[in-house]
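For reference, the chain that follows is the form predicted on its own, supplied as structure tokens.
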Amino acid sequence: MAFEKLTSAQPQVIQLLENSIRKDRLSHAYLFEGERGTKKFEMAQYLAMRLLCTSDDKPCGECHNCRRIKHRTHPNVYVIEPIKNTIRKQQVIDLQMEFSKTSVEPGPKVYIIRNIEKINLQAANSLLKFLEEPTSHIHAILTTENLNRLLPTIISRSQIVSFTSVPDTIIKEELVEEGYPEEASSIVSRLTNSTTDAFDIASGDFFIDVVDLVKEIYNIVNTQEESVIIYFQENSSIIYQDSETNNLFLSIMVLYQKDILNYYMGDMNHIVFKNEMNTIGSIAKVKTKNRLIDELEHMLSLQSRMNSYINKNLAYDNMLLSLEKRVSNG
């Protein structure tokens, strides 16, 4: 586990947990809440390793205990996940039975329940009895993406720890480390603040095709060697696969348009399509700032209406016609 990235992604959470350990004030139950992909489960594993690591530099991530926690084989760490989208009573009963046994190994015990908002009422009532009778050597870590769906009684018995969106730099680094190209990683990191969603987008069947489509649209806008509308009509079938791919296309168009505007403003650091600098620069030189902003606003407006009942073909034709027009900077 890359603890450096975890520290960069959620520095306030790391600080809170470390201060609690140092002052011997760890809560018996934590409720990690935040949107999908904000490293809540990784942080739960971090805390378990921090408590059970045998190294002087805790957590090391490499000792026997840390490795077993990572691979979910440590007897003192118990993980519950939804089965068919539900956490059931028997799962909580199994947890209670496991933790009622005499410890095979020394040290505290930690149980982690992922997506606690998916617990059914019977299971929640069983869990509440467990939470109401805290034991000094047992720590609960509950994670949720939707705090509003939890029973108030579970919330009131836990210390809430809020997770913020993961910085795009961290998402990009993780994608590059997994072998995704630099440019693709940059694009995805601007599309989502969730590491989980980022990997889903980057590995999607049509992601590269959609990126290539956007690049070619702007290349044609720049060269004017053919009609961008005709090209789009002949090559845009992929974006109609489903609503997600359709939205992905518009989101990437918005990113490219912002790159042109950033180039115009001289802000090269925030350009995502760095391999497209020649095309981006050429377009920026023949359009005014106001024109670029108008085109961007057109895209954003279309993006907000895309899930409504509109004629998508006509809407895209109008958007592309706007891009095709040349305006001198004068």
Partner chain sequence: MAYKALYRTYRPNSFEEIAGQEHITRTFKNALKNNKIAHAYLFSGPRGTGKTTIAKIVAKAVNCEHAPVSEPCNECDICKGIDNNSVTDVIEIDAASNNGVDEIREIRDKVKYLPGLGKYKVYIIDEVHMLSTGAFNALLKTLEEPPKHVIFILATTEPHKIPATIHSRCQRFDFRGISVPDIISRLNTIIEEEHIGIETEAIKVIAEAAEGGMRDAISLLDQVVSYSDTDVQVDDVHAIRGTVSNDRLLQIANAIYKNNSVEAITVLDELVAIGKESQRLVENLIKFYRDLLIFKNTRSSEESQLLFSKPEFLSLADKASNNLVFFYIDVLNKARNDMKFTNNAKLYMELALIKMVDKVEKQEIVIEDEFSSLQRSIKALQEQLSKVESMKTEVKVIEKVVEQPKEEIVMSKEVISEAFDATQSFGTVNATPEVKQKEVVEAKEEQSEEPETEESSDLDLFSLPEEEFEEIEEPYSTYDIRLVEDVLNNGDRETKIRLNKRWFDIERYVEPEDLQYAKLISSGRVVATNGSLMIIEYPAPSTCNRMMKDEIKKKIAKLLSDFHESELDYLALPTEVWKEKSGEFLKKWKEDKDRYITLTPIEHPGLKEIKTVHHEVEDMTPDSVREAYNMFGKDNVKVRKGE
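Numbering follows the first chain given and starts at 1. All values derive from a computational prediction rather than experimental measurement.
Below, we refer to the form predicted in complex with the partner chain, which is not included among the displayed structures.
A.B. asks: With a 4.5 Å heavy atom cut-off, would you call Lys109 a contact of the partner chain in the predicted complex?
C.D. replies: The answer is no: Lys109 has no heavy atom within 4.5 Å of the partner chain.
A.B. asks: Heavy atoms within 4.5 Å of the partner chain in the predicted complex: does Arg190 have any?
C.D. replies: Looking in the predicted complex, residue contacts with the partner chain include Arg190, since a heavy atom lies within 4.5 Å.
A.B. asks: Test of understanding: in the predicted complex, would Glu226 fall inside 4.5 Å of the partner chain by heavy atoms?
C.D. replies: No - in the predicted complex, heavy atoms of Glu226 and the partner chain never come within 4.5 Å of each other.
A.B. asks: Taking the partner chain as it sits in the predicted complex, is Ile160 near enough to touch it, meaning that at least one heavy atom pair lies within 4.5 angstroms?
C.D. replies: Although the partner chain is absent here, Ile160 would touch it in the predicted complex, with heavy atoms inside 4.5 Å.
A.B. asks: Though the partner chain is not shown, can you say which of Met277, Cys60, Val286, Ile293 has a heavy atom within 4.5 Å of it in the predicted complex?
C.D. replies: The residue in contact is Ile293.
A.B. asks: Which pick from Ser136, Asn148, Thr73, Ser100 sits with a heavy atom within 4.5 Å of the partner chain in the predicted complex?
C.D. replies: The residue from Ser136, Asn148, Thr73, Ser100 that makes the contact is Ser136.
A.B. asks: Should the three residues Glu117, Ser243 and Lys312 be counted as contacting the partner chain in the predicted complex, with contact defined as a heavy atom within 4.5 Å for each?
C.D. replies: Answer is no for this spot.
A.B. asks: If we take heavy atoms and a 4.5 Å cut-off, which stretch out of 85 to 93, 228 to 236, 124 to 132, 215 to 223 is in contact with the partner chain in the predicted complex?
C.D. replies: Single hit among the candidates: 124 to 132.
A.B. asks: Suppose contact means any heavy atom within 4.5 Å; which members of 165 to 182 contact the partner chain in the predicted complex?
C.D. replies: Contacts from 165 to 182: Ser165, Pro167, Asp168.
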